[in-house]
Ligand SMILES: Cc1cc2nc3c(=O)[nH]c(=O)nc-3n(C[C@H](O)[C@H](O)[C@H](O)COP(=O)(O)OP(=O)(O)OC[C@H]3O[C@@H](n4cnc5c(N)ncnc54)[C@H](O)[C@@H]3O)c2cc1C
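A single chain, nothing else alongside it, follows as C-alpha cells in the form predicted on its own.
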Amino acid sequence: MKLRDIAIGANASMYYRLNFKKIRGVYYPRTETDVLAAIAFARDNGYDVTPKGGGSGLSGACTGGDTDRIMMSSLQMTEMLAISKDIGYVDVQPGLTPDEINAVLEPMGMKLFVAPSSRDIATVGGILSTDGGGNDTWVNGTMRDNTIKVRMVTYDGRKLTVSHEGVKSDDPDLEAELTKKGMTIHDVASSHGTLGFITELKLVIRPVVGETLVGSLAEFPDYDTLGQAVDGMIKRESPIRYGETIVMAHPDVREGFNPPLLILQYPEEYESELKEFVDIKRLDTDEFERLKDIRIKLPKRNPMEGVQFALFEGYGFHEESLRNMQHTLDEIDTLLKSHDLVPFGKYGHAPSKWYLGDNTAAYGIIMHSREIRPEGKTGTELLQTVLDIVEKCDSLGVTPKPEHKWPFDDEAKSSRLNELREVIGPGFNSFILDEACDDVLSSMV
C-alpha cells in the first residue's frame, strides 16, 4: 500500500496535488488517547497536524498545504456516546456523518437537522470546522447553531471544552486566558482545524414534526426579481422548509426549464401568503422530485465540449447584493470571461443563512458556481482568478465562500484565529494563516 492511498482519501476541492514527501505520518485514531499519542509524535518531531474528516470541504484546508505534517483522520471515531430524547441532545465522536446519526435517531422520532448535500460523506467534526449547512439552513441554522459544545485537544496535549457560553480546560491557566479572550463555539466554527482536534461533540436533536408540505416552482424574468423575492421571504420569515434556486444553466444541460427559478417546499397553509408576493405554480410530488433531482445533478453534468469544474464554488448574496443581483452577477461573469472561463451553472440554497467572519448572521442566497475550464491555464493563473473574485465580491457586498469561510482571505476571522492561537499555541493547519498560503494553494491546483 502506498502513502497516497491512505493519506488523501476524498478531497472535493480543486487543491489536490499533495506533496507526499511532506506527509510524515497518517493516523486513524479511535479514542482521545489515540489522538493525544499522534499529536505527541507530531510535537516531538516538529510536525504540523492536519485534521481531516470526510474530505468534502472545498477550501483546501484538509490538504495541509506544503508543511511537514501528519494527517489525522476522524473516520474511525464513529461512536454514538449518549442520546437524550427528553433533553434533546446526542453525544458523538467527530467521524460520524449526519446520515449515520439520523439512521439511529429517526426510529425514535428525532433528528439532527443539519443537511449539507454531502451529509452522507461529511463528518460532523468537519461540518463544524467549516460551519456547513444545507438547503434547510434557513429554518434550522448552520452547524454552530446545532452544536451545544465540543471537546478538543490542543497541540501541546491540553484539553478544551468549548460551548456557546465559554470554555473549560484541564489547565486552569489556559481556561482563564481563553475566558478573557471570550472564546466560544463561534470561534471553533469555520476555524478549519486551526485550533485543535475535535474529539467529541454534543449536538442538538429535535422531534420530527409531521406537517403537510407542498412543493412549488417560481420562475422569474430576471435576477433582480429573483433576489427581491428571496429578500421578501427573509423579511417575512417565511417558513420555507426546502428552498433551492437554479440561477442559470448552460444550454447543454437545461432540460427545458427556464432559469432563474426557485424550487420551494413549505407548509400548505402558508401558500396563500406566499402567493401575495411570489408568482408560484404548485407542483405534484413527481414533478417536485424531478426538479430537485435536476438541481442536484446540475454540478455533475458536463457540456458537449469542455469540462466543468468548481473554480470558486460559493457566493453569499445578501442585502443590496441580493436585491440587485443582475448587476452583481453581470460583474462576476464579466470577470470570469476576462479570464477565459465560460459560466456553466449557478445554483444554490435560497433563502439561506450563514455567518460572516465577525460571527454576525447573514441571510440571502448561497449561490454555488461552475465554469467550463479553459485549456492551458496554470494553477497560478486559476488561483489568481479566484483571488480576483474574492476582491470583486468584497466590492459588491457578496460574502466569498460563505459555507467555507476561507479564513485565510477573511481578515476578521483570520485575525481572531491568530489571537486565539497566541494563547492555545500553533501546530494545527498553520499554512492556512500563513502569508504564503495563496502561493501554496496555487501549486496544488
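From 1 onward, residues are counted along the sequence shown. Since this is a predicted model, take the numbers as computed values, not measurements.
Separately, the form predicted together with the named molecule exists; it is not shown, and the next lines address it.
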- Item | Residue contact check: residue 65 to the named molecule in the predicted complex, 4.5 Å heavy atom | no
- Quick one: does residue 180 come within 4.5 Å of the named molecule in the predicted complex, counting heavy atoms only? no
- Query: So in the predicted complex, does residue 369 come within 4.5 Å of the named molecule, heavy atom to heavy atom?
  - Reply: no
- Closest heavy atom of residue 127 to the named molecule in the predicted complex, within 4.5 Å or not? yes
- Tell me which of 22-30, 383-391, 47-55, 413-421 has residues with heavy atoms within 4.5 angstroms of the named molecule in the predicted complex? 47-55
- Query: Are all three of 94, 132 and 192 close to the named molecule in the predicted complex, meaning a heavy atom of each within 4.5 Å?
  - Reply: yes
- Of 357, 299, 259, 141, which residue is found within 4.5 angstroms of the named molecule in the predicted complex when only non-hydrogen atoms are counted? 299
- Task: Counting non-hydrogen atoms within 4.5 angstroms of the named molecule in the predicted complex, say which of 84, 225, 117, 163 makes the cut.
- Result: 117
- Item | Stretch 420-436: residues contacting the named molecule in the predicted complex, 4.5 Å heavy atom cut-off | 429
